[in-house]
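Okay, here we've got a single chain as structure tokens, the form predicted on its own, with questions on binding and movement later.
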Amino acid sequence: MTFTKRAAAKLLLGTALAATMGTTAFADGHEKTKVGFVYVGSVNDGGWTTSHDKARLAMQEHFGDKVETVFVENVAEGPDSERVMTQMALDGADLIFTTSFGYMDPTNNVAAKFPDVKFEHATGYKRLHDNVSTYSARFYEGRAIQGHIAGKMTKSNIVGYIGSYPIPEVIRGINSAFIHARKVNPDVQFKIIWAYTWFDAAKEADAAKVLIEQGADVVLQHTDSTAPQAAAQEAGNVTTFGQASDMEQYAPYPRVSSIIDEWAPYYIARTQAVMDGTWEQIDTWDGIGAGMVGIGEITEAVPADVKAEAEAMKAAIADGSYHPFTGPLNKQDGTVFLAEGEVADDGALAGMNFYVEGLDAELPQ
């Protein structure tokens, strides 16, 4: 990038201001910490971004006037996100949460320019600078529970799955759901449609309709809007699960349960660390046991015995007595992934780029 002298001077001045004036002093002497959030979707998407914004509001309520929060929604992954992050830093943010996988490189690029600003990137793995941390949730734990319910609920033995992008986070979820659906229903098949978007209600609705036309009577999603719920409701007799937020407006049916992302405790803790001067670079990957992954109410549309089994699995995952990726498990090509009783380590999970055996679908390259 080429800067004019005036632009360069402005950037340097802004960097200095961000470093020295990121907090606002009050009459009683305390300082307000400024926290920014960069969102890939709308705060009203009903899913992923809604969950992050609820956490922002909870954090704001927790700290009261000690904190000022700002956010920008519908920020495309790529150069535009880098511009938004830069402006937040120039405007005096002390801490910036960037809440989508595609913000990974932009986050690190901006962090290099603002070493006194702390950055937290959701679902990423690059921490190229000391002022960048990463955090994510073990969504695959919730997918295991959804898969179990899906395998029991389907009558057509066809489960549809709407994927966003073929990255390890999403592939893990598909595999986890399939493994647990197949455990309770050996005849189940998964049909997968890649939307190549995190949030696009029209695309998500179209994907759900296609899956339903292909015979799916259960639809799971790793996209952010409630459009698949609406499509299933319109079709009738199609079971769905909420994604990232509870999507309770579609309960008790078609939405019979949900994965709920509980970000508020993390946002509160990391903001407190900035306030205390104890913030340090970390990588956080928590699940049901730590409370970062919640399971929405399993409604009365689910048979009582299936609900009891799902709740027992949730408890076992929470206390560590069960791991969703426990062998024997093979890869799609028949080679061994996990031997009998072997549990996948975090490295294998973080880099997962294959389907498990039995999934009759081609993984995009």
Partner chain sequence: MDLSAINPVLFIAGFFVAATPLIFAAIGELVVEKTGVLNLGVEGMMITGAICGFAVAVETESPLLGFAAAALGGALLSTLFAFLTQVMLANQVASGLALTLFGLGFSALLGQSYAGMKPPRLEDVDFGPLGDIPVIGPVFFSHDIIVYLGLGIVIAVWAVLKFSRAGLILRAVGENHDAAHALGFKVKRVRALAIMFGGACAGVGGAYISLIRVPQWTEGMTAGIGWIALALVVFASWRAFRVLLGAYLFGGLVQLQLNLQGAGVAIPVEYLAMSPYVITIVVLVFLSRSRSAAPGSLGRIFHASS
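Residue numbers count along the first chain shown, from 1. Remember, it's a predicted structure, so these values are computed and weren't measured experimentally.
Omitted here: the form predicted in complex with its partner chain. The next part is about that form.
Enquirer: Exactly one stretch in 203-211, 111-119, 178-186, 139-147 has heavy atoms within 4.5 Å of its partner chain in the predicted bound form; which is it?
Expert: Every other range fails; the passing one is 203-211.
Enquirer: I'd like to know whether residue 42 contacts its partner chain in the predicted bound form, with contact meaning heavy atoms within 4.5 angstroms.
Expert: Within the cut-off, so yes.
Enquirer: Would residue 196 count as a contact of its partner chain in the predicted bound form, using a 4.5 angstroms cut-off between non-hydrogen atoms?
Expert: Yes.
Enquirer: Can you tell me if residue 234 lies within 4.5 angstroms of its partner chain in the predicted bound form, counting non-hydrogen atoms only?
Expert: Yes, residue 234 lies within 4.5 Å of its partner chain in the predicted bound form.
Enquirer: Quick check on residue 230: any heavy atom within 4.5 Å of its partner chain in the predicted bound form?
Expert: Yes, residue 230 sits close enough to its partner chain in the predicted bound form that at least one of its heavy atoms falls within 4.5 Å.
Enquirer: Which one, 99, 245, 226, 154, lies within 4.5 Å of its partner chain in the predicted bound form by heavy atoms?
Expert: So the residue touching its partner chain in the predicted bound form, by this definition, is 226.
Enquirer: Can you pick the one in 105, 73, 286, 262 that has a heavy atom within 4.5 Å of its partner chain in the predicted bound form?
Expert: In short, 73.
Enquirer: Contact check in the predicted bound form: 35, 267 and 346 versus its partner chain, with a cutoff of 4.5 Å between any heavy atoms. Do all three pass?
Expert: No residue of the spot touches its partner chain in the predicted bound form.
Enquirer: With its partner chain taken in the predicted bound form, which residues across 237-253 come within 4.5 angstroms through any non-hydrogen atom?
Expert: The stretch touches the partner through 249, 250.
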